[in-house]
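A lone chain, given as structure tokens: the form predicted alone.
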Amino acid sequence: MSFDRLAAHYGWMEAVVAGPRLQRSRVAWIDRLADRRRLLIAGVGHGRFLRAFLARRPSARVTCLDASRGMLHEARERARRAGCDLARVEFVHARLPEWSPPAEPFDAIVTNFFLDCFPPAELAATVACLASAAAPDARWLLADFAVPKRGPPRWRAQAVHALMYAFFRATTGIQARALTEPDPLLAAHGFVLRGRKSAEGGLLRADWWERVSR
């Protein structure tokens, strides 16, 4: 799986296809990171969330992880052009779930439109890897696509997902063919859903999860 072929085009493609909708989901819970000091953005992509976060928390330490060198370059350049101080930002080229987390845990994790790229077994391993990097009181923000439970919104989402997965399988080589629900995996690693915002008739979701002591 590699998004290198799309990296230079992803920004304008998102603008044309989705306008501001995806970014609104990305930053829906960003204020819940106001007191976080060490953030991991897994699947940083073209860096729109990174830029928004650094504008609010320039003193935080941020690790940006992506399997695409092209996307890492786009994220770095977007932040640089916005005047962000990148002295405390680390860009890591690595693939999940093979990535080895550092010894110091993160008190926040962000996965935006990223977990939907993985088939079930690989998703479970990826969530486990990220959870192993999280502090006992970590917060996890997640924005992604979703499938409503019934009716026309469900049919619309299924059609959108079919087109989306066909396109990304052809252009990036992702193995997933349908969305795998991550909620049970997050819960299994001690995270509790604190808030959820839906948009576009349930097609998009933005979650705030928090790890609690057992």
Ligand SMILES: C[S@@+](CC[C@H](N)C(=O)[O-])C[C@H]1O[C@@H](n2cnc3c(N)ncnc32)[C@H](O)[C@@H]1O
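Just so you know, these numbers come straight off a predicted model, no measurement behind them. Residue positions are given as counts along the sequence shown, with the first one as 1.
Quick note: we don't show the form predicted together with the ligand, though the next part is all about it.
- The partner is absent here; in the model of the complex, the one residue of Leu186, Leu65, Ala146, Leu39 having a heavy atom within 4.5 Å of the ligand is Leu65.
- Among Ala75, Ala108, Leu142, Leu96, the residue placing a heavy atom within 4.5 Å of the ligand in the model of the complex is Leu96.
- Residues with any non-hydrogen atom within 4.5 angstroms of the ligand in the model of the complex fall in just one of 158 to 166, 45 to 53, 176 to 184, 27 to 35: 45 to 53.
- In the model of the complex, none of the heavy atoms of Trp209 sits within 4.5 Å of a heavy atom of the ligand.
- Phe91 falls outside the set of residues with a heavy atom inside 4.5 Å of the ligand in the model of the complex.
- Of the heavy atoms in Ala79, none are within 4.5 Å of the ligand in the model of the complex.
- Under a 4.5 angstroms non-hydrogen atom cutoff, the ligand in the model of the complex has Cys117 among its neighbouring residues.
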